[in-house]
Ligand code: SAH
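First, one chain by itself in structure tokens, the form predicted on its own.
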Amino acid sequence: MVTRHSQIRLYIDAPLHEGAVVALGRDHAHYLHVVMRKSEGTQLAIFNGRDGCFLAEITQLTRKSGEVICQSLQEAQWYGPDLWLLFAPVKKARLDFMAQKATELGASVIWPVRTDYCQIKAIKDERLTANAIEAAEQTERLDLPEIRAFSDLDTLLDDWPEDRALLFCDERISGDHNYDAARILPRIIEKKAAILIGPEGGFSMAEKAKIDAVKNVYSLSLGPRILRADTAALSALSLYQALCGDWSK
């Protein structure tokens, strides 16, 4: 018998329901046939981020193509907290890491932003998406974070939604207990939220002034040390989930 935690889990962007026959793309077929050495009759879990997670069985498989049939619903669709992660992109390997870990930690939107001191000129959305899918498959997450296009911070702040709290991880207040997570996060438990992480060089004075002027901004200290951007992002996501998100429920 295959238990839930021993199953292979695959994200497949196709409608899922009992009896649905779903084609496997070349990458999935190669993974199952060549890497995992599976064959017809093998059971696995599949999800699409919309219809829940289904127990499925491989009915055809070669190294280049295949099919599975959905047998039964394993888990109804659910979604995590409405939590955005906004960050200035970092170098490629650390960007991959950030996309993976933000997905594992439940971010609903992953949004790279262009800042005055950002050193990255362009990013590949498809690479971020691939990392998010892999992380969702491994962590039994049923939804996928939305990957938004690389955007200018100024433009984003100009259109900031009034009903969403902006958690500004500001190095100016590092170690200031007035801005500890235990003090700040309880104020936004019932609100939609976004976390803003700056580049390695921090935000410019003009950017800080514009961020401070956002209606629902909350400055947040991540402790007494100055953290690298990827560490700061994961720390802030963890704090939010522990105090406001689905870790606390």
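Note that residue numbering begins at 1 and tracks the sequence as displayed. Predicted model only: the values in this text are computed from it and were never measured.
There is another form of this protein, the form predicted together with the ligand, and it is not shown here; the text below is about that form.
When the ligand is considered in the model of the complex, Thr42 lies well away from it, no heavy atom lying within 4.5 Å.
Not displayed here, the ligand is kept clear of Leu24 by more than 4.5 Å at the level of heavy atoms in the model of the complex.
The shortest heavy atom separation between Gly49 and the ligand in the model of the complex exceeds 4.5 Å. Looking at Phe203, you'd find a heavy atom of it within 4.5 angstroms of the ligand in the model of the complex. Only one of Leu105, Leu83, Ala99, Cys169 lies close to the ligand in the model of the complex, with a heavy atom inside 4.5 Å, and it is Cys169. Screening Leu32, Val68, Leu222, Ala194 for any heavy atom within 4.5 Å of the ligand in the model of the complex leaves a single hit, Leu222.
Stretch 213-221 is the contacting one of 213-221, 180-188, 50-58, 33-41, since its residues have non-hydrogen atoms within 4.5 Å of the ligand in the model of the complex.
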